[in-house]
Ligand SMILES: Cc1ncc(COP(=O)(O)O)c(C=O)c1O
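Before any questions on binding or motion, here is one chain by itself as structure tokens, the form predicted alone.
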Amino acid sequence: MGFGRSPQEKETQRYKMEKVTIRLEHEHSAKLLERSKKVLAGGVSSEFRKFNHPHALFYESASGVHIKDVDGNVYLDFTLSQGPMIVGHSHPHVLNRIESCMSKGQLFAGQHELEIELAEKLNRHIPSAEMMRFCLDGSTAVQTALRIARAKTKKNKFIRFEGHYHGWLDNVSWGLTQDEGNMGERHSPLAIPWTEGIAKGSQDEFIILPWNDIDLVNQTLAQHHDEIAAIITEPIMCNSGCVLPEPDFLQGLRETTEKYGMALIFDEVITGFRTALGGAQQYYGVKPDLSVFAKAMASGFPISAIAGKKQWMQLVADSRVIHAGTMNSACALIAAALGTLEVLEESGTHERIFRLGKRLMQGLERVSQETGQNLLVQGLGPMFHTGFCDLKKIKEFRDLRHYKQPKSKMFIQGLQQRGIRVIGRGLWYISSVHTEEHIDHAILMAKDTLNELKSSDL
């Protein structure tokens, strides 16, 4: 019997009546938020949790593709906890894996056999994963990759792209803000700091460029290749509009980094295990030197991996590059990753996620046309983005200025009022336990929301 279907079918029956009920009351969440603000800065533990409608919400339970808040509202979930819940919330196989492991110990400050089992599994699935180390999140794994690249090439700078998110640490917290007046010329961008408090010298660690322009990359490297240790990129610009790579762009990065002897780093925190078991590098057939994985790796447990070709990872093996962490490879984290990957390894799982994602994308496009709206739906299927603009395609971060942000925000809020939970910036995720019924219900609620926006003249 497969892992993915029967628990979800039971969960669907459990929530069948609740999920179509529209409730606007969030009284208990509001009270908890006021209480929380007295002890948690801003009342939250991550900045992005502030921006629910009508305010940060508190949740009490989740199962399969549904999540319930403390006021009893049940949402059909397309946020999937910002992506990690690729096999759904509280998957029985994952929880059983964790429970079995936890009964034997939590953290040994030493090695255990399940680490080898997980590493061997990743080695089989991920094209570039000849060797690896486990970390706790994408931010630390990214910094490990950059450290390896600098050590091997003896160069200090890296190239990164506007709108690409590689964690919240200083040297990558630039170029994430839409500010047309301060972004500089396209061929020579200015990096805008994402937040106050960033070390001013950190902008000297990189050159930032618009994405999807291999000619500009090559021109830049022709001038600066003697300074550049690596190019780091999301294979799909998921965090900013879910923009797909132009044909031959990723292969172009591969060829130019090989030419100059620098590292090509894929940040697969989102694309890893979602586009394919081997990530976007498997899907697109481009093998980077180093890769970073997290999110969908372990069903919400804090684990990431820095993986790569032996010639690069050998610097870690030889202790020339120090990588450490007290909580790395804690027993429950490894067990969660193994359990998640075992569910994803089921035959047909990724085909199903792609098929349902495409069904939802096409349905949203259809109801947009039917309601006379300019909703642009863009992405691969397992993840995609919606927003309102008159362009037929978004190719890079600077194109995002064409989105009508107030209208896009109202669309997401309208969906939430109808029990459909989507990430505030318009990013949707599909899980292995969504069904056609869930997809069609979301399309119906989207049509209702679009009609409401139309009647409001937005």
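For every residue, the number given is its place in the sequence shown, counted from 1. Here the structure is a predicted model, which is why all the values come from computation and not from measurement.
Below, we refer to the form predicted in complex with the ligand, which is not included among the displayed structures.
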So which of 267-275, 87-95, 222-230, 371-379 is the stretch with heavy atoms within 4.5 Å of the ligand in the model of the complex? 267-275
Counting any non-hydrogen atom inside 4.5 Å, which residue from Asp137, Glu342, Glu255, Glu117 sits next to the ligand in the model of the complex? Asp137
Of Asn239, Thr349, Asn328, Asn171, the one that lies within 4.5 Å of the ligand in the model of the complex (heavy atoms): Asn239
Glu234: heavy atom within 4.5 Å of the ligand in the model of the complex? yes
Can you check whether His166 is within 4.5 Å of the ligand in the model of the complex, heavy atom basis? yes
In the model of the complex, does Lys295 have a heavy atom within 4.5 Å of the ligand? yes
